[in-house]
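Heads up, what comes next is one protein chain in two forms, each shown on its own as structure tokens, labelled structure 1 and structure 2.
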Structure 1
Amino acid sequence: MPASHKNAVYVYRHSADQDAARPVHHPVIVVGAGPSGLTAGIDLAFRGVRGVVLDDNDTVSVGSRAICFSKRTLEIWQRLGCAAPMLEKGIEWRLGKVFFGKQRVFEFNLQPEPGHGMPAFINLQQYYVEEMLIERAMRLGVDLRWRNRVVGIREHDDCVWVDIDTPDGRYVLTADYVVAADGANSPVRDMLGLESAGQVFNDQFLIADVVVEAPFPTERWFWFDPPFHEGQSVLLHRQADNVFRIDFQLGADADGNAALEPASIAPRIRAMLGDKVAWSLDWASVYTFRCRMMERFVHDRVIFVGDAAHQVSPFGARGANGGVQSAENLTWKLARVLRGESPVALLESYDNERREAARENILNSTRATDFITPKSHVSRVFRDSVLRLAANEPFARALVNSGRLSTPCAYRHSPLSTPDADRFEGAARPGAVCPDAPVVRLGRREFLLDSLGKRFTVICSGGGLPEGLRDDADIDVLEVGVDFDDVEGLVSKRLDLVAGGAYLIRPDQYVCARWRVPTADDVVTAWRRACALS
């Protein structure tokens, strides 16, 4: 870690629950205080559900680990009141460059159009992200319990019993639901005798976090077969505090322990940066990875999120981003079920939607890994030929895969979506995230996603609001020209929203239905479907 940053230590506190004569009951217990578990705990509190978050440690992650946080993840954290310090501390970027040997092959822009509240990506070390999430959780009154290690879990018809070990001994809690966000090697998953299936990759990579004053721009640079690391690949990202993340491909047969020795790391970095650049090693690790997922994420009253449910390679920043997006998908549904507003069947849509997203992430991640680390001579010849062509031929650039960067999954097969009855242009279809755009609301310039609250929302234009919907206790209304002004016309453009039309947006900002000219019955029927009420 940079000298300017030292991990906070969170004090273990004895809970009154530990002295209770009988196990104390909570609506939700979240196991794991990483990005996914903290997001779940914060979002549940945001929705009025006071759960407990348990973690077996008393500090945040060691080393930078996840560093690339996507636009969609930032939109989620913006909704939860967490994004501002991350944006202030993080390094914004949208440009990526790909090199082959000494030649720059091409560059790409992840957010070429203006008019979005959040940047395409920020780079920020995971320990900073976790500290900021913890601070937000504490402000919301989330019950965070450090050095509380789950050692047993028993499911019953009406609740889950959780055995917990602490410095003061063991105690038991019960909960309506347990959210398992306890990582790739999930102890909760093991305790229930469940497994993840998929592919294990033997290729090894060295992460070196290097503190250096260097003229590298805030871009993602990826080298195939660079002259300073021949035959392998290298990835460079800038982080906060002038820390640069460098990933060196080592190969499957490398000695990982030897690669971590300072005498091995230093020559690699000097070959890359040159002898005249001063640098210091902040943190290093050697990793391999797996692309796998559980057969089901919902197991009665125990629900898995993040790496506990699905794991991908680090190429494309799909791990932490996918986990946070899974947490958001779950929390609004779980809150409705706990309040008795929707049947338990609504939780099945979490399993349906996020397994679809996990399959998409694993597919993209596996393809990137196969391109970066070809497994045969023929694959290597194909890859190198593509890279040579990409310098001058646009068609070849689409075949270059240094990690397709994280984008939100569109739930094409969601049971909560109402199929289109009318023709629309653009990508804002049912099952996709509502696109952002600048608006003026209550005399203040903001963005459309900032205007969406905790509930379902109808966005409509020019008389497209069916009579009586403003009086509906379950649905908010945002009418163009009444509740906000579409100052640059981008809301109408990105939604293909014309006079008389309307969209129904879920509490997680996904589109669940849209119409050219809806009736009140159309909207209510679509809302009931999205709540699993029919």
Structure 2
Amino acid sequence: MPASHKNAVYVYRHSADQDAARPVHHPVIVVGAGPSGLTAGIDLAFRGVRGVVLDDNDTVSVGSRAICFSKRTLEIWQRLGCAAPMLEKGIEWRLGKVFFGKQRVFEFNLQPEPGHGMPAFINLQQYYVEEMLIERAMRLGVDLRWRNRVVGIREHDDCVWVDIDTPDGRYVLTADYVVAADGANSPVRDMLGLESAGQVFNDQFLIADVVVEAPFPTERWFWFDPPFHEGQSVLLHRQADNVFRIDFQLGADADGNAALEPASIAPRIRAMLGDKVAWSLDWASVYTFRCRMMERFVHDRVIFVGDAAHQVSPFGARGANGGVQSAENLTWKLARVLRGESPVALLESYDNERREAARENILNSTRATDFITPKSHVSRVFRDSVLRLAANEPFARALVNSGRLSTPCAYRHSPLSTPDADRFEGAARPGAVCPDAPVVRLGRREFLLDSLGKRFTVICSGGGLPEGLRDDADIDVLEVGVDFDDVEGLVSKRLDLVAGGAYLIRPDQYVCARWRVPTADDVVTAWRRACALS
């Protein structure tokens, strides 16, 4: 357990369900209260579905683990009303330095593009994130059940039976759907005889969280082959509470247990930070990783999210971020299906979209891993050449890959998207997240994404709203100049939205269709498609 943080402990409470004569039924049971499961539970509550969240433990993440949360993830949590404390506690860094051997080869400054509600990312320990999500879940009345371990699962035609073990013994619940968010080693996956297949990496890594009291820059430092850890790589970046994450690559043959000994860690850190910096070791852990995913994420009434469904290497911050984004993709669809508003086929699009995202995340994190840990002689020669050139040749810096910024997948093959019939500039194509921009709505400065509600939204401009849509029960309308002001012109710029045009935005803030001059029929047809109604 880290010294700098005392994990909250959540008390096991006996539920009335445990005394019921027959298994009590719930619409959704979420298994696992990590970032993905908690996001699913909160978003379901937000959409009016009161789910039960089961966790086999009674606390949050032990150790900092996932520490980098991306803009899209923060936008999701902002929508769910819990981003503010994270932004306050989290660390934003801009300056990164890359070292090779003894040389500092270059530095970069991630100047964020102005006019977005959320930063490109923050660094914050996973235990804080989970505590903040749990607080939000409790406020929304999510039924969180600690020390409730799933020990059996049986799929029937009309529901799922879940066997649960607790300190008071076993009980059974039934559910329309089970969301399995129970982590990389998902017991639910095992119980159903399913597997997650992919690549195993043999390289071991040592995480050391170190508390540095003296002023130390808020920068990300990445060393390839440093003099204090020859032949390997080291990453240093800052988290909340003056805790610095140091990631040491150990190689495939290292003795992981020996590397964890404080006597082995201390000289490395001293060599890195220098003799003048006072520090204390907060937490250390050795890990290896895999890049793998399930062949299907939807198994009738059991749906996998997060690491249970797709697992990546840590380089590029696509693990927890990908998990949260999967959870959000699923919840609005699940809520519609449970309310009978959409057929079960809508859930197939979760499988389609999030498997595409998982492939993209695995591709990105594998590329970073292969750059950081070259697997062959020639790959090391090219890697080292890139780093040598990078000192003086700006072009080579584009090839230096110590983990790319985690960005959300723009779904290319989504069955929910209506292909463009008109020409548009910019990145806001069907299947991509709606870009953010500053707006003024009801006299208040806010951001476009804050203005989107729980339902589908038409964003339109200058007469682009077809007759009758204002009164549609399932579609909100945001008309430029009527419902909000595009104060800096960035809505029109980023969406390439000019008078007469319109966008249809899904409940998860993804674009599903856009037109230069839409008819009501266009919008309704696209909406039906995005709801799997056609």
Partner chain sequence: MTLNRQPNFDDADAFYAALIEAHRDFSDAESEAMNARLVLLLANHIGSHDVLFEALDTARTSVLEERT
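Think of the rigid core as the biggest set of C-alphas that the two forms share within 1.5 Å after superposition. Structure 1's sequence is the ruler for residue numbers, which start at 1. This one's a predicted model, so the numbers in the text were calculated from it and none came from an experiment.
Form assignment for the chain places structure 2 as the one matching the criterion, namely the form predicted in complex with the partner chain. Once you line up the core between structure 1 and structure 2, the Cα of Gln111 ends up 2 Å or more from where it was. After superposition on the rigid core, displacement of the C-alpha of Asp168 between structure 1 and structure 2 stays below 2 Å.
Once you line up the core between structure 1 and structure 2, the Cα of Val151 stays within less than 2 Å of where it was. In the core-superposed comparison between structure 1 and structure 2, the CA atom of Thr218 travels 2.5 Å.
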